[in-house]
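What follows is one chain in structure tokens, specifically the form predicted alone.
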């Protein structure tokens, strides 16, 4: 029987916290450290179910974790689910054969095959949980086969995915749908391919992979909408710092926006402009209570403190270039739209149907069950703002972001929300419930939001 967790209306949310380390960057840090020569220090690696799967995967293919404690008890830096790791890499062409359990980690499933496909020898099988087995791999298989990769999949498109090392050649691949994961997979393969590899994006997507590879010594350039990578002989990452995750911070940004009287300060959040589309959307919806204070850069990634308070919202149009810059936050946009006046339309977001759940269907069902007026469309949804939500029960369907959305909805609702399978949040944010409840009954911050 699935666990059920009730979230009561919380009134105002006040205080400060540092969200957990960035999941997207943590995945990439472990993989790029494993590709590297020598040892790489990864500062602030996220300790969650998905990122543990990536650590286990790079160890299975030969990388070593260098620290005094066993893997199951990685020493914490800050007590907030972040770890300080030292990873000894195998080099770009030193991955050994293995069977890899990716768990629920879609990023791992889609990125790692790019590196493995170009190995001089070896065979790998990547498999995962029931959710992963429903997530297609044909979008990475197509460009990799175009480069000469030898791949096999169930029904030609579903995990388990079999990869056999083969000589690769450069190519120009036009992404049919904007996807940072597919782009990153092809760039990893391009490091091992003869000649140049070019990835043409229909719209800009998150660029963590490019920034991290350049810092490790790879030759990567951008020409308009095209990202170009050249064959590399070695990578030397040395040190990678992982900021707090904007996608995790987003739950508190939206919570503070829709819960009257709220005033939150979120520390050390990664504010890469390819990730922060939610802030632009909320500003278009009329919020004036968001302030971003830069704290410089780490490894090419901008970091900032974000101050956010309650605002009245208006409906707006969301689509086109908004989508890849806010793909993980679009369910939260739909939640915020329930508290707005007027109609909000989300379009061009077919990618949401390929996440841990069909997030278009799941979000519409969830918000409708809580008293919202939400209609699905083929590529998004239409939300009629009603000024709030009654409350009720939703099922996360094992999707971590839907579980946390339910908790935020409960905090802002009139009657509270019961979430079925709240444990799914552990995939990216094991301490989410504790952090949310810590923001109750806190004294005001010293200065007003500005």
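Positions refer to the first chain, counted from 1. Here the structure is a predicted model, which means the values were calculated and not measured.
Just so it is clear, the following notes concern the form predicted in complex with shikimate-3-phosphate (S3P), a form of the same protein that is not shown.
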| query | finding |
| --- | --- |
| shikimate-3-phosphate (S3P) contact at residue 171 in the model of the complex, heavy atom, 4.5 Å | no |
| Partner proximity in the model of the complex: residue 428 to shikimate-3-phosphate (S3P), non-hydrogen atom cutoff 4.5 Å | no |
| Residue 117: touches shikimate-3-phosphate (S3P) in the model of the complex, heavy atom cutoff 4.5 angstroms | no |
| Residue 139, heavy atom within 4.5 angstroms of shikimate-3-phosphate (S3P) in the model of the complex | yes |
| Residue (of 178, 303, 265, 218) lying close to shikimate-3-phosphate (S3P) in the model of the complex, criterion heavy atoms within 4.5 Å | 178 |
| One residue of 369, 132, 90, 327 in contact with shikimate-3-phosphate (S3P), assessed in the model of the complex (non-hydrogen atom, 4.5 angstroms) | 327 |
| 24, 107 and 355 all contacting shikimate-3-phosphate (S3P) in the model of the complex, non-hydrogen atom within 4.5 Å | yes |
| Stretch from 376 to 384, 151 to 159, 179 to 187, 225 to 233 whose residues place a heavy atom within 4.5 Å of shikimate-3-phosphate (S3P) in the model of the complex | 179 to 187 |
| Residues in 204 to 228 close to shikimate-3-phosphate (S3P) in the model of the complex, defined by a heavy atom within 4.5 Å, in order | 206 |
